[in-house]
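A lone chain, given as structure tokens: the form predicted on its own.
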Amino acid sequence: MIEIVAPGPYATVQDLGRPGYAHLGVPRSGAADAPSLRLANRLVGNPEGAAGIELTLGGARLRFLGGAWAAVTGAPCLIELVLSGRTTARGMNAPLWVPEGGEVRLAAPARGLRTYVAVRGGLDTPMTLGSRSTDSLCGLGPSPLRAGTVLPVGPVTGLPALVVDAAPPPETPPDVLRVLSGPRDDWFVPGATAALCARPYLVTPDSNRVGVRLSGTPLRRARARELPSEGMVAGAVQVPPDGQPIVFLADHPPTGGYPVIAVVAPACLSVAAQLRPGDRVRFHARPG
């Protein structure tokens, strides 16, 4: 088991989400930066979809009530292992043995927003609709982690032997989001997609797991009427009446009534998930 001594600003349990329930109004949820969670799980021999901890801006302290293998991926941060009063530094993107009673401390990341901790065996919290993910929009799944929370760890019997991942983690990508125009780009004045891509946007402090809210060049509509609510996907760039775009993330609503001018390429969703308030990001329109 793992005791949360300090969760940092915001920490949740996440796996790869609960797909297939959008028709019931339930978002997929899951890790905002899914590739980082997948890597963490591979490093400790778990199935890629096992549940782990998603930290926002680090600052966490985790006490291991039993010895276990762990791995830390995502936004890079200082990792310290404290055991019997002795503190040693540890690295990211590699298996880490934590003895019984050991405490793992994770500082705020140097860049990026979300850091992931996987434990061999996975977190064995109760499942809701086939997932252990915390959904910040609907309130499904475990509550956000707080000091004193104890997380059970699943069995390790039958898991493959640990093998350090042969592929090194990718370099931090530039803050550029590739987008495909539409499906509602015709609701905007000519040149709106070009305007979206012309200058950087600033990530605002009210961004969260639902979406990255941006401030910059307003995107003007050509149609004044309202759009009937329609299905939304992760990466949809929705534009409210103020013209400031929002990039939907893992906990986005299944439907929305504002027009979507473009959709972020799936390969760039992890980049969007690591944007933090104050970052600047550019869009690049893919031909299509």
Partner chain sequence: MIRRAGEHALLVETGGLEVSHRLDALLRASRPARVAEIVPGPETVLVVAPGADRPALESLLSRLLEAARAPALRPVPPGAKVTIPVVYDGADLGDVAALSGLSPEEVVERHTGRELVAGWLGFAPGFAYLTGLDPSLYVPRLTTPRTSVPAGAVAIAGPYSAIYPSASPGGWRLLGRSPVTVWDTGADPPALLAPGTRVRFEAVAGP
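Predicted model, so just to flag it, every value in this text is computed and none were measured. Numbering follows the first chain given and starts at 1.
One more form of this protein exists, namely the form predicted together with its partner chain; it is left out here, but the text below deals with it.
Using a 4.5 Å cut-off to its partner chain in the model of the complex, each of L129, P254 and A265 places a heavy atom inside that distance. The contact with its partner chain in the model of the complex, taken as any heavy atom within 4.5 Å, belongs to C138 out of V156, A107, V176, C138.
Checked against its partner chain in the model of the complex, the candidates L62, L219, V26, A68 yield a single residue with a heavy atom inside 4.5 Å, and that residue is V26. Considering its partner chain in the model of the complex, the lone stretch of 95-103, 69-77, 184-192, 144-152 in range is 184-192 [heavy atom distance within 4.5 Å]. Contact annotation for P277: none of its heavy atoms lies within 4.5 Å of its partner chain in the model of the complex.
Contact check for L249: every heavy atom lies farther than 4.5 Å from its partner chain in the model of the complex. By the criterion of a heavy atom within 4.5 Å, L83 is excluded from the residues contacting its partner chain in the model of the complex.
Of the heavy atoms in M232, some are within 4.5 Å of its partner chain in the model of the complex.
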